[in-house]
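First comes one chain, alone, set out as structure tokens in the form predicted alone.
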Amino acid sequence: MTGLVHRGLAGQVVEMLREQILTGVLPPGSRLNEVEIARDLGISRGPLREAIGQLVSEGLLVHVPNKGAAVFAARPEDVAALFELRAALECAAARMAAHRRRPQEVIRLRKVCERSRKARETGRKLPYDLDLDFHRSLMDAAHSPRIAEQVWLVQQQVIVLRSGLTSRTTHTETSLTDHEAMAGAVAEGDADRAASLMEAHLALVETELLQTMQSEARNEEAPGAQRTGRSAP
């Protein structure tokens, strides 16, 4: 890809790489070839390395000794720690949102749910950005920028892990119903219910993700197993 302008070049590269990581174009564990990427983008390696540094600080990339940068990957046993942090942050945020929400923020939450429901009714899987939009809207209603920043970093890592799976468990009917129920609890100012719904929702997402990761790991270890192509989010 060529034609990038020099103003904010590193920032543009950050967003390009972020999109490729979150959608699975660059799968978990894959190593970045700096020479190839710089050539394809028509840029020098300076802004590329700056972009890589930014994504390392966000946890989307990791430095591998003597090999450069690679996309974040985690073992099933690491997933519990991610969700433990995410639950602590998002349950607190759901409680805050129920106390602090403004009318326009409730409207936005409901509109995100409506868009997700319409997409679900078409029979297609929802893109990851609709799921993120709901959680971002909830963070906005909580009015806690520091919590929102940390939630965003953890959410990205979870999306990366999902992107490496050939079968997707996200955005199920249950998840969508959970979102709608949380939006209702926030709108009603029911902090206890909003936090409880978020806790149950994240526990379900964690269980489904772990089961899928473990199932695919067993399939890959089976004699003659062949990994199928990665589906779009």
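The term rigid core refers to the most C-alpha atoms you can superpose between the two forms while keeping them within 1.5 Å. In this text, residue numbers run from 1 along the sequence as written. Everything numeric here is computed off the predicted structure, so don't read it as measured data.
Another form exists, predicted in complex with a further copy of the same chain; not displayed. Remarks below refer to it.
The partner is absent here; in the model of the complex, the one residue of R102, K118, R146, R75 having a heavy atom within 4.5 Å of a further copy of the same chain is R146. Scanning I159, V71, M96, V112 against a further copy of the same chain in the model of the complex with a 4.5 Å heavy atom cut-off leaves one residue, M96. Stretch 46-54 is the answer when you ask which of 201-209, 181-189, 46-54, 24-32 has residues with heavy atoms within 4.5 Å of a further copy of the same chain in the model of the complex.
Residue contact with a further copy of the same chain in the model of the complex: L130 places no heavy atom within 4.5 Å of it. Residue contact check for I107: none of its heavy atoms lie within 4.5 Å of a further copy of the same chain in the model of the complex. Contact annotation: L89 falls within 4.5 Å of a further copy of the same chain in the model of the complex, judged by heavy atom distances. In this stretch, 177-191, not one residue has a heavy atom within 4.5 Å of a further copy of the same chain in the model of the complex; the partner itself is omitted from this view. Remark: with the core as the superposition reference, the CA shift of A181 between this form and the one not shown stays below 2 Å.
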